[in-house]
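This document opens with one chain alone, in structure tokens, the form predicted on its own.
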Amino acid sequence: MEKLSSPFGELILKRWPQRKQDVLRAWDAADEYLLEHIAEQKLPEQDSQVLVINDSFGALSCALREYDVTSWSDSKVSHIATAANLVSNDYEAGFTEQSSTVAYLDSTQSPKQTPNLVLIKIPKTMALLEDQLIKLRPQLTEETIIVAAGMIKHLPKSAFQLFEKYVGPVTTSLAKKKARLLFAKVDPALTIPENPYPTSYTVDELKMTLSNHANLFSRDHLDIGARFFLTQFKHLPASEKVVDLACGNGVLGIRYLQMHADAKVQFIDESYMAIASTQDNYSSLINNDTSAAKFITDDGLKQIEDSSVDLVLCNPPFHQQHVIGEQTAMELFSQSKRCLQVGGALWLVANSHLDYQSKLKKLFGNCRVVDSNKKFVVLRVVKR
């Protein structure tokens, strides 16, 4: 088992969700570079308040556990992973997100205290970085030390421009193991514009205007896979207990409720911003009475009881951060089988090149192609 060795000690770190024989590490060279740099600078000081932003699986937060650390992220899975890694390294007595070692802040909130040290892993979505910098800016002072890190192949020019626009002048480190650090100096004279997020777009054929927070996938238009899936909603069964799994902005579950007013839908996503967007859209398109809906930020269906659901709708992700693969989707399918009642169905849309059909047939014993085009396929499986 690989260990992260840094000037702050050794850590056994696991990715989340945990998978057997996972060959990927729970940290990268950018994490290592950032920890080495701040140690060389004799940071953080003992009484420092440290804000860690976009810490994938807790490498930075766990390494700096002896300081006053807040982990700010859009990913519930990242927060769960941090808590789990603290437990596995004996820094917490039990698995909990209400940690006494690390404080957790979700992306829809803004930092309330002025940090002495800000450590940022550059996210995949530049809109998320922009939203974070705008929210963070009021708490920054000229004394705040800001260090960002990323792998060079994932560092677009727009990331530098966002720091210059919302924070101040930026300098960079030399490259090391294909990673680079960015150092931002706060310019108090900068005029910070209003936050442009959430944004919205209109789906004419559905007569829907959908609100989307900064980190939403396909934030400025309806995802074409979801659009194709929605053309098949006339074939969906009338079900009482429904889950919109990996719900994004909630368009699938909301459309189902518009077609089946007696249903109760649980909207689930690991992104705090996805659930916030769904709540906004539900209020505007359904009503402010949430008795027919639940909004859950979690690692898939972990909170849902066995054999308690009639129908699962899913437009599954095929990537986790920068890693592309089918593992996340297969975990969601397995969870769906556990939670579905006998006779209940999982309906999903997927890219045609992904071989979900054979895998679902192996998992459920059946799989039917409802419809397909050159890019997407809509599949239905039934729990028997």
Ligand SMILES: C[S@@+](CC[C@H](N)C(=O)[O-])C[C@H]1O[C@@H](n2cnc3c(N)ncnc32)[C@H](O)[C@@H]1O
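For every residue, the number given is its place in the sequence shown, counted from 1. Because the structure is a prediction, the values reported are computed rather than measured.
Although it is not shown, the form predicted in complex with the ligand is what the next lines describe.
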### Message
When the ligand is placed as it is in the model of the complex, are A226, N315 and T328 each within 4.5 Å of it, taking any non-hydrogen atom of the residue?
### Response
yes
## Note on the structure
Testing 304-312, 144-152, 120-128, 270-278 against the ligand in the model of the complex with a 4.5 Å heavy atom criterion leaves exactly one stretch, namely 270-278
### Query
Of A214, A184, A246, A81, which residue is found within 4.5 angstroms of the ligand in the model of the complex when only non-hydrogen atoms are counted?
A246
### Query
Ok, L252, V102, L133, V242: which has a heavy atom sitting within 4.5 Å of the ligand in the model of the complex?
L252
### Message
Is A345 part of the interface with the ligand in the model of the complex - any heavy atom within 4.5 Å?
### Response
no
### Task
Report yes if any heavy atom of L332 sits within 4.5 Å of a heavy atom of the ligand in the model of the complex; otherwise report no.
yes
### Query
Any chance G300 has a heavy atom within 4.5 Å of the ligand in the model of the complex?
yes
### Query
Would V77 show up as a contact with the ligand in the model of the complex if we use heavy atoms at 4.5 Å?
yes
